[in-house]
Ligand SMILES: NC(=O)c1ccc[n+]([C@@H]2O[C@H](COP(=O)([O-])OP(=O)(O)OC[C@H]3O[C@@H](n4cnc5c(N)ncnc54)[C@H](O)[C@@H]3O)[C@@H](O)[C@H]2O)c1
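The form predicted alone is given below as one chain in structure tokens.
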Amino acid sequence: MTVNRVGLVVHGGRAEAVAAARAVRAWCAEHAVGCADIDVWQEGARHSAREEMDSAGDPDLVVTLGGDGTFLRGARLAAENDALVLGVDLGRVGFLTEVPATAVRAALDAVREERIDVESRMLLTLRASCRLEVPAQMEALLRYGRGPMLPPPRVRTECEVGGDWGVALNVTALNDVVVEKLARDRQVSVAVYLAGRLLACYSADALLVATPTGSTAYSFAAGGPVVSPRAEGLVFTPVAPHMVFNRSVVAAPDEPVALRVLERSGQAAVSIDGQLRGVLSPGDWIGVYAAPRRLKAVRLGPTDFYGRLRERMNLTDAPAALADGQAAPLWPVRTPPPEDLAHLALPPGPG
């Protein structure tokens, strides 16, 4: 594909990310491709994805240099512009990035020469009973020296709003949307609706809705299922609920999940991909559903998600399973699949 402009999202606190960014800029200069740094704190303020992409000259490829957190920032920007996103892996335990820093130039060549796969990933978006805002005093408390927070989500003006359907927010999540308690000594009380029907009222530390991509993030830490990123669905997971039913529920992609803060609850924070974006008061609600747009992630070949799961989670085999001394082969199939199985997604044989 023709790459006219590259946007860089760099983890500036890591020397290897800064070095990889220099390699990307050098490649762009050699191929007469524009290049701009984006998602930076300019003039002491954070900007919306639209403002950041406009200031970067609307890149058609976003390259992230860091771990999964850096990739999430790049995904937020790429989704706004329907651009491709290429994640260069400089993290430790993540699942989202795949290109090693040493191969960044080869990866850019592959994009330019169309030797890539484009993986479509589900995104989440929101409607809410009110616009999301973060109180000024809370923003000051939560900076932790990292710089300003993201601005409140804008309203999508092209959507019908008001009444029972609330305000359409111009925001997307690749991993998850979380409603969580603000005070350590008080759980948040929330009514959860799936596909318009009341599931249950929870008192919990948090309640989250994740994409299949985000199933290996906060949802997994809270006991949720691991879901293939190629699957379609919304994963609802309660975090430390004060009730017997503590299971996750996987909804169909066209089944929205709504969370209403109950009158007896305290205020609740709303985080989107780990970023605090607003506070809900008792009576407020948000509806989480599959976004009409998709993330377009660059892959240089088939993604070995389950191999990465085994590696990242340090999975070991049960001693009883190895009682005979024979370890299971990594690739149990060494011959091409028969015709009736040719449509299945299987790894290539060894060698």
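Start at 1 and count along the sequence shown; that's the residue number. From a predicted model like this one, the values you see are computed outputs, not experimental measurements.
The same protein has a further form, the form predicted in complex with the named molecule, not shown here; the description that follows concerns it.
Peer 1: Candidate spot 68, 96 and 214, all three in 4.5 Å heavy atom range of the named molecule in the predicted complex?
Peer 2: Yes: each residue has a heavy atom within 4.5 Å of the partner.
Peer 1: With the named molecule left out of view, which of 79, 227, 280, 72 would have a heavy atom within 4.5 Å of it in the predicted complex?
Peer 2: It is 72.
Peer 1: Note which of 274, 166, 256, 152 lies within 4.5 Å of the named molecule in the predicted complex, where distance is taken over heavy atoms; exactly one does.
Peer 2: When the named molecule is considered in the predicted complex, the option within 4.5 Å is 274.
Peer 1: Out of 257 to 265, 175 to 183, 196 to 204, 111 to 119, where are the residues with a heavy atom within 4.5 Å of the named molecule in the predicted complex?
Peer 2: It is 175 to 183 that comes within 4.5 Å of the partner.
Peer 1: Is residue 29 close enough to touch the named molecule in the predicted complex, meaning at least one heavy atom pair within 4.5 Å?
Peer 2: Because no heavy atom of residue 29 falls inside 4.5 Å of the named molecule in the predicted complex, the answer is no.
Peer 1: Could you tell me if residue 218 has a non-hydrogen atom within 4.5 Å of the named molecule in the predicted complex?
Peer 2: Result yes; residue 218 sits at the interface with the named molecule in the predicted complex.
Peer 1: Contact with the named molecule in the predicted complex for residue 321, defined as at least one heavy atom pair within 4.5 Å: yes or no?
Peer 2: Residue 321: no, not in contact with the named molecule in the predicted complex.
Peer 1: If you check in the predicted complex, is residue 313 within 4.5 Å of the named molecule, heavy atoms only?
Peer 2: Judged by the heavy-atom cut-off of 4.5 Å, residue 313 is in contact with the named molecule in the predicted complex.
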